[in-house]
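Just one chain is shown here, as structure tokens, and it is the form predicted alone.
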Amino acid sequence: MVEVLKTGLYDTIQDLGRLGSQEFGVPISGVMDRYSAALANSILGNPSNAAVIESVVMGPHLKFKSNTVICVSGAEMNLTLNAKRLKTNVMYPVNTGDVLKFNKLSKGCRSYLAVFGGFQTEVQMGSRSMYKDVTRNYILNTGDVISILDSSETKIVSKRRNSKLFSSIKRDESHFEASELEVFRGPEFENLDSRQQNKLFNTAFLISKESNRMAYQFDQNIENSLKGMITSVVLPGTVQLTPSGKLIVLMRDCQITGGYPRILQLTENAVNKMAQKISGSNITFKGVI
């Protein structure tokens, strides 16, 4: 078990999401940055879909009530275990009574805490991902107690906890530092005139404070003279253009359909990179042929 002593800015349980439930109007959800979450799980030998804690900008303080092993990937939040500094992308043993703290953010936006076997929370529609009105809670709260596998339940955990080969895995730092995001042309891209198309690929867009798990927005506008369209399918990574000229990049908690022109589509890698950008960051779009 893991007790939440103090919550961060926005902490949730996430896995790879509710694939196959969109016909019921349920968003896919899941981890915003699949690259970082998969890295944490792979270091522990977990399945890629094992549930993790996703934290935004500022993470929680957690007390472990059973033995396990952990790994944190993604954003750098100056981790400490019982006041001792920890590195990201490294497997560490954790004992009953240990306290893990996420501290000041120094790189990225979202961090991912994995434990051996994944967090054992409720499953709704094939996923443990928290989402309002689907799961009992949509964020973690102070005082919550989260189930995990105890070391007594598997010999593998005990073996890994006693191992001293906690080597670090090198990650691609461009995942956090690159400002260029690869995109495909969306279904309505050709409806834009050449001036609008050029502006899309030659503007450094500033990420707005209004950005969240549902969508990212920008401070700059693109003049929009497109006609309205019939509501159509959208996906995480779809870039919509509103009548007022606002660009909206849909993220993991996005709706299933939308009525705004879909002018671009981020690659999966670009969606992961976007999830690590904080408000005030600049990004540019690079077309993929």
Partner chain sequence: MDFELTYRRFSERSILVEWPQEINEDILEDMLFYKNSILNFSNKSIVQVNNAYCSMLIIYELTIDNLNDEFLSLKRHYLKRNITKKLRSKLFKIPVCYDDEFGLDLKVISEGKKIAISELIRQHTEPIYTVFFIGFLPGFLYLGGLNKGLHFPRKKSPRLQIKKGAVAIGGEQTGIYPNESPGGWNIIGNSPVDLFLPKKKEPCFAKPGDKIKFTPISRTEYQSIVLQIEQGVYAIESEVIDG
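The shown structure was predicted, so the numbers you read here are calculated from the model rather than taken from an experiment. Positions refer to the first chain, counted from 1.
Quick note: we don't show the form predicted in complex with the partner chain, though the next part is all about it.
Quick check: do Phe201, Ser244 and Leu247 each get a heavy atom within 4.5 Å of the partner chain in the predicted complex?
-> Looking in the predicted complex, the three residues Phe201, Ser244 and Leu247 all stay beyond 4.5 Å of the partner chain (heavy atoms).
Among the candidate residues Phe176, Tyr138, Phe184, Tyr92, which is the single one with a non-hydrogen atom no more than 4.5 Å from the partner chain in the predicted complex?
-> Selected residue: Phe184.
May I ask you to choose, among Asp144, Asp219, Glu188, Asp98, the residue with a heavy atom within 4.5 Å of the partner chain in the predicted complex?
-> Selected option: Glu188.
Since the chain is shown here on its own, which stretch among 219 to 227, 54 to 62, 38 to 46, 234 to 242 would lie within 4.5 Å of the partner chain in the predicted complex, judged by heavy atoms?
-> Heavy atoms within 4.5 Å of the partner chain in the predicted complex occur in 234 to 242.
In the predicted complex, does Lys132 have a heavy atom within 4.5 Å of the partner chain?
-> Yes.
Find out whether any non-hydrogen atom of Gln124 is located within 4.5 angstroms of the partner chain in the predicted complex, and reply yes or no.
-> Gln124 belongs to the contact set for the partner chain.
Is Gln265 close enough to the partner chain in the predicted complex to count, meaning some heavy atom within 4.5 Å?
-> Yes, Gln265 sits close enough to the partner chain in the predicted complex that at least one of its heavy atoms falls within 4.5 Å.
Is there a non-hydrogen atom of Gln22 within 4.5 angstroms of a non-hydrogen atom of the partner chain in the predicted complex?
-> Yes, contact at 4.5 Å.
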